[in-house]
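Just the one chain here, the form predicted alone, laid out as structure tokens.
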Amino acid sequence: MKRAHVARLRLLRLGIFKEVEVLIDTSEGTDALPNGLDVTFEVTEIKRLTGSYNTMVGNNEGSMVLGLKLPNMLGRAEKLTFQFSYGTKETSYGLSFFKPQPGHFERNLTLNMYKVTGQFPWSSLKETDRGVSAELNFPLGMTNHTLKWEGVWRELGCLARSASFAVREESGHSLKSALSHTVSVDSRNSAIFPSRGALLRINQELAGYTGGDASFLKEDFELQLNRRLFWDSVLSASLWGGMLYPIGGQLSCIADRFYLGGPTSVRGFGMYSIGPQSEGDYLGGEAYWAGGLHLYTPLPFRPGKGGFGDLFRTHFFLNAGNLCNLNYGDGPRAHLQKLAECIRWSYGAGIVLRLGNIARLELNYCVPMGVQSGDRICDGVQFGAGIRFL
């Protein structure tokens, strides 16, 4: 029974069957064993061409998504998908081909062609990317790995006439060809409201060695630990960090740098409004760190327990972080000292709403501290929506 259930789940995971039913009966016939069983899987395939319409929530933005899909294109769970997305800050369309390894759905290859146009008002910048990519996913022991190559033609421009000269200098065309590797270990029991387990994700990106005019090495990581306490409360700690190292004496591009601040990272500050800036435009940084400590509890008096009320949590938080540029001629001690200067931090409380198991909404009251000259703050009520939170 257990093996039949596992087999049914694996068939459903392929995404090519509408229904999978398992029929178990005693064996009959001349070759039947005394205790033998006949297991029959009755499946209903989905249509050869399907369409979809839905909405998506990103990091403090929303979008409408239209899609067409050819499932089971070649008879081995391959998928060809066309998707158009129109959002508050980003518009995109793309074509992707997905090919799993037969018998090992976790090992798969994805090929993409896309065009993405985005607006970044915190930097008075707009960017149009046209690119292709190849992505290989596979598990290895307890870890999951992603190997990716991406070639993209980037066009940067000013979003407003009032854009600073530093942003205008970044305008123009560039080509980026990059290899990246991501390794992750995730033992959490939920991606949105975990009550136990940990997450470790490390990403490396190397640009320039396979062509293009952008050359850099970029490293970043994410760590999260969760522990259940009393009365269904959960203590959660998170740490992010990253560094970008330009290669060949080139300056880093504004589109490749890190950004920090806002309701999804260091709360109490404006969206990506921490760190280097020029005339009110935030330019990003080549190194950053951010940490968060949260206490999640059920709603007071537990309204809707076992139902709608379980989608909500109250939380108390303490966030801190810094974003800056480093002089790579200095040693590690000088780098750590620079990252430890001018730390921004905040604390507060709020309500969190889970949207399925992929996104969440937050309504918080924030008190920003450690504010530096040029930072944009949000002192008081702040709303956030996204799929990745500090």
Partner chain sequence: MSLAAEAFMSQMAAAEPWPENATLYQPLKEDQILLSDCASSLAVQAYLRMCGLPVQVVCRVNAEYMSPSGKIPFIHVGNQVVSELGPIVQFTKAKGHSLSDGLDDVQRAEMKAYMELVNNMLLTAELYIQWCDDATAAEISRPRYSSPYSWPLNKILAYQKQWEVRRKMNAIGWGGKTLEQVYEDVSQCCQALSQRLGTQPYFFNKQPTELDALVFGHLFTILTTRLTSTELAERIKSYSNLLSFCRRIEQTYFEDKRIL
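Positions refer to the first chain, counted from 1. Computed from a prediction, not measured in an experiment: that's the story for all the values here.
Below, we refer to the form predicted in complex with its partner chain, which is not included among the displayed structures.
Three-residue candidate spot E170, L175 and G212; every residue lies within 4.5 angstroms of its partner chain in the predicted bound form by at least one non-hydrogen atom. Only one segment in the set 179-187, 161-169, 292-300, 102-110 has any non-hydrogen atom within 4.5 angstroms of its partner chain in the predicted bound form, and it is 161-169. Although the partner is absent here, F193 sits far enough away that none of its heavy atoms falls within 4.5 Å of its partner chain in the predicted bound form. With a 4.5 Å cutoff on heavy atoms, F98 does not count as touching its partner chain in the predicted bound form; it lies far away. Contact annotation for W153: at least one heavy atom lies within 4.5 Å of its partner chain in the predicted bound form.
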